[in-house]
Ligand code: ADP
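In structure tokens, the next block holds one chain alone, the form predicted on its own.
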Amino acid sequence: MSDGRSLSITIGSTLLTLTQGDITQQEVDAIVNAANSSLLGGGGVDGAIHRAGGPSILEECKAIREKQGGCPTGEAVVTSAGKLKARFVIHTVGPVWKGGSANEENLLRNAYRNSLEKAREKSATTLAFPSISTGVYGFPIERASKIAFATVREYIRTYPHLHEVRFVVFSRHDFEVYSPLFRDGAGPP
């Protein structure tokens, strides 16, 4: 599901990669799922990960729900990856866009930061992110991409344990929106 388009930059000891493709096909330690708070699967990236990973992911999500009642916006939980090529899935809930006045930017930062923290807790060295909240949740991708990139960049400067962080986008349009960040991304925030 990739047309071979890819960009990379190195920040510290971490390779940041942008690729257009299918996140379910990434061979990384952890794939981040743009989940909903119910953790029961859905459309978009969430549905694709559940379908490709198989029923074990849903069963683990149900167990998490029984224990803590779902996942609040901006938080993250971890399951195994089922049939995916990754070792585990980090499920994070991004905010629904409400015009920018409902703390959406901070909640999106938290979704990325908490996913990175879960990866660190699991000793992951490679991680793949989708474009969180930019699908049916309606977060403007131009704004979301800058928040995602800046949050990851800030995190890896503090915690350089990750060898690679991939931003895996599905469409050509999304690739074009993220591309300038990879050309200019090593500069100040």
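Note that residue numbering follows the sequence shown and begins at 1. Remember, predicted model here, so these are calculated numbers, not experimental data.
The protein also exists as the form predicted in complex with adenosine-5'-diphosphate; that form is not presented, and the subsequent description refers to it.
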Candidate stretches 42-50, 65-73, 116-124, 150-158 - the one whose heavy atoms come within 4.5 Å of adenosine-5'-diphosphate in the predicted complex: 42-50
Are any of the heavy atoms in Ala144 no more than 4.5 Å from a heavy atom of adenosine-5'-diphosphate in the predicted complex? no
Please tell me whether any heavy atom belonging to Ala34 falls inside 4.5 Å of a heavy atom of adenosine-5'-diphosphate, as the geometry stands in the predicted complex. yes
Is Ile132 near adenosine-5'-diphosphate? Define near as a heavy atom within 4.5 Å, in the predicted complex. yes
Mark Val168 yes when one of its heavy atoms lies within 4.5 Å of a heavy atom of adenosine-5'-diphosphate in the predicted complex, and no otherwise. yes
